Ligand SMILES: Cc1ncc(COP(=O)(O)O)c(C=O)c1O
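Just the one chain here, the form predicted on its own, laid out as structure tokens.
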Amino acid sequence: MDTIKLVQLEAKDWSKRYALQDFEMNHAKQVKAYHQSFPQYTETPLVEMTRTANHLGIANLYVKDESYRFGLNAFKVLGGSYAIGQYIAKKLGKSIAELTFGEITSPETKKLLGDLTFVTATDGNHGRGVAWTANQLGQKSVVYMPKGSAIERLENIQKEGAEAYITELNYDDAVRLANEKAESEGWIMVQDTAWDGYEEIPIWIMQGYATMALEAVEQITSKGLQPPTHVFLQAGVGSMASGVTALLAQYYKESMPVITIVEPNEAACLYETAKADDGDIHVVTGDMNTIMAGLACGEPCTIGMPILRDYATNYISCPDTIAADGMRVLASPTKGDMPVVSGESGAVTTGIVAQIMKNSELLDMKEKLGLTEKSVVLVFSTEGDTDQKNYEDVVWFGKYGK
């Protein structure tokens, strides 16, 4: 089979781990309250796939289904909407705790703010979330997409009122283009990665993503379910993975689950950074051709890596076939479990769990990860069929089959 690679970092002593003051539980609840103020807010489902889990040889599998998020078929809006809210609060000289959706969209606030333009680069989901939020708040947005982006995703962004373009650049260069436009045009850059001098908005985005994790752990607790022993998180630049990891660390503390980061082979920048384990960021260059468009990023988020270095012990790089496997497993789980429509980037974590548990060639990896019949696994299906044609090609017609 295609190469699946694992790097393990030694878990740090709890007292020596990265300080998580930006992700304290009280603040996470404040972030969630902001999201709840939007009329479209509903908690997304936590799907318990016990029968599928038993078939795989583990005790349970929880799938957080983000295809229901704000009607946008993906989780990314959580980060962009909160960052834009924080930006507006700061501009008004207020705390975000004082602002709700209704207050931000009031004529009085609009008069104080004037016309704002938010700009970003995206493969689709993040840009759609930024465009949707700007549109909901009566503001403008401009979105740049890397070459090879799906036309369906472009059109979905344009339907939210944004100016949106597919460029001839890879993702990281599209980010640089968006930043240049922000500086030259006086626009506000809302990007879910960070670099020296650009850290405040990415922190807000990571905090926004934590709503998804907070919902999940609250659902697990309220239903009286067993807490997860393992959490698998997909990563592009790593901002979602680090935001979710930080929330889990605050919620579970010393009993937090084993965290495993999963990336495509063609864009495994966090894997390469973990493999080097020298304190530096390691980038991946080139076109990064992978069906996991949301994970096709070559430069790790600088503010996310310190969190992952201290709290995530496993890093996996895998081929596109794993994402395709996950899409099919979720679409057709063991009889009696509820199906989940999950796109390429959303399903890769389920795919890697299924492959590790069912493929005898990966027995050593299974043992290294500590996966047994007692394990309870939590994954986040971060997108639905945001590229419907490719979803059908994979799930219906067997594209990227063995």
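In this text, residue numbers run from 1 along the sequence as written. Quantities reported herein were computed from a predicted structural model and do not represent experimental measurements.
Unshown form predicted together with this ligand; subsequent notes refer to it.
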Segment that reaches this ligand in the model of the complex - one of 272-280, 71-79, 173-181, 311-319, heavy atoms within 4.5 Å: 71-79
In the model of the complex, the one of V237, A164, L248, A323 near this ligand [non-hydrogen atom within 4.5 angstroms]: V237
This ligand contact at G294 in the model of the complex, heavy atom, 4.5 Å: yes
is_contact(T120, this ligand) in the model of the complex, heavy atom dist at most 4.5 Å: no
Close approach of S345 to this ligand in the model of the complex, 4.5 Å, heavy atom: yes
This ligand in the model of the complex - contacting residues of 370-400, heavy atom within 4.5 Å: T382, E383
